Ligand code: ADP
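One chain comes next, on its own, written as structure tokens: the form predicted on its own.
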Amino acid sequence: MNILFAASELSPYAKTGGLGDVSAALPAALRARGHSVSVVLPYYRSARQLLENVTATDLSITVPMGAVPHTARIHTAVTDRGVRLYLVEKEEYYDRSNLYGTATGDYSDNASRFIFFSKVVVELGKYIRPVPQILHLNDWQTGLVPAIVRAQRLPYRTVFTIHNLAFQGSFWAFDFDLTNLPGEYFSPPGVEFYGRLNLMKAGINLAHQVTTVSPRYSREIQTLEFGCGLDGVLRENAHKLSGIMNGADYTKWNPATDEYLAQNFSTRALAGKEACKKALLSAFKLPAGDGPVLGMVSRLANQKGFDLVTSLMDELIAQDVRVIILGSGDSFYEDYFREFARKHPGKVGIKIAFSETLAHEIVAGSDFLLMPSVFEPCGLTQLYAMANGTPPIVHETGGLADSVENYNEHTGQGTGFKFAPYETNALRKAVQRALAVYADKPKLEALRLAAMSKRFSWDGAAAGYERVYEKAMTP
């Protein structure tokens, strides 16, 4: 098939979360399976800095934004995985220090920025050869594309993937004028939601097929608890909704070859993992010792379960457990962990930032990965952790539930530790189960090997998307 993949993120050139990783890996996996695949991305400042061999084309695309025409220049490049990339240049929209906003809030013109991007995606499809059959859209930033395709009666078939339903692209009603859609589209079957323009709802309602990034999440978002207000809309569209588990990039997260690690290791030679643990403790200026290390690589936010983590911190460090956290986010949690580390030197390591090097070191050098998210559409860090022999401790939700096999103390089967319901005592029990296995070295080694043997391939995910594309192509 001929596929144009549109996204607002693409690792490593523009990334805030898992969407960037998917946008890098899935098109490459589809290309490896014989499809013609291109990716289109806003030409952000970060992409200008990181991309090499960008070529300016003669193509300029002008689209109306309300009564005012706006123009984008199109550039081309090739990603580090060999996929053709189109870049939408409009400096006033995309030449900024961040993708969506700053620490003080979202950019005030995000509606304009991504309505414009969606319009350019549709027009770009008319120039690409071979002509795309499928427009694969991702999250609210491209959610308007299916509406434009339907309004203009274009021949494309659209697939819309929900990566995180909590972020919906909800804007005041007056921004609807920027879409240039017929007035009837501002209605419940279209793009209107409680009197506002909702771009996530637009994608769900008007795409030919809708996917999420794990099977369980596709079911959860149809419930009041996890539907973020759109559960009714999703139940109405359940006939075209599928859940496909993301894959993991084992070329970058393979402890046998990972260049970030102090010592490489594998299922046949696990000794290197201990060297990685020592290097990790040293990097965070924590003393070496026999006690376990719990690691977290995460956005610091309630969604990621930090309310539970903070409620257990005193208990954890009282048990000769060291906790290492890498991430940034809510100022409350940033301040809390800085102060906790100051009060308990030698027990807690905290780095308020994102570092690719430290992320790899934590995932490989920790004994267990903490990932107690309230909800998690898919999650990738738990996949990387299992590949590195670091059993995850996860809340039984979304992709965490789909990917981690709960450890059975009687049979020794499993790849990690799951807990439910979402409460402190349930997490406490899961941690205690993990610490009990840590104290039994033969069981710990068997668990690590089982986790390392688990695989979530992008080729398998691509096969799932092929089936969705075929459904979309069916009249």
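On a predicted model such as this, the values are computed, not experimentally measured, just so you know. Start at 1 and count along the sequence shown; that's the residue number.
Beyond the structure shown, there is the form predicted in complex with the ligand, which is absent from this document and is the topic of what follows.
Contact with the ligand in the predicted complex, judged by any heavy atom within 4.5 Å, is made by just one of 253, 333, 94, 156: 253. Proximity to the ligand in the predicted complex, defined as a heavy atom within 4.5 Å, singles out one entry of 350, 309, 371, 401, which is 371. Among heavy atoms of residue 203, none comes within 4.5 Å of the ligand in the predicted complex.
Heavy atoms of residue 137 never reach within 4.5 Å of the ligand in the predicted complex, leaving it off the interface. Although the partner is absent here, residue 233 sits far enough away that none of its heavy atoms falls within 4.5 Å of the ligand in the predicted complex.
Using a 4.5 angstroms limit between non-hydrogen atoms, residue 15 touches the ligand in the predicted complex. Partner proximity in the predicted complex, defined as non-hydrogen atoms within 4.5 angstroms of the ligand, places exactly one of 172-180, 355-363, 255-263, 271-279 at the interface: 355-363.
The candidate spot formed by 388, 448 and 456 is out of contact with the ligand in the predicted complex: none of the three has a heavy atom within 4.5 Å. Contacts between 365-400 and the ligand, taken as any heavy atom within 4.5 Å in the predicted complex, involve 371, 376, 379, 380, 381, 384.
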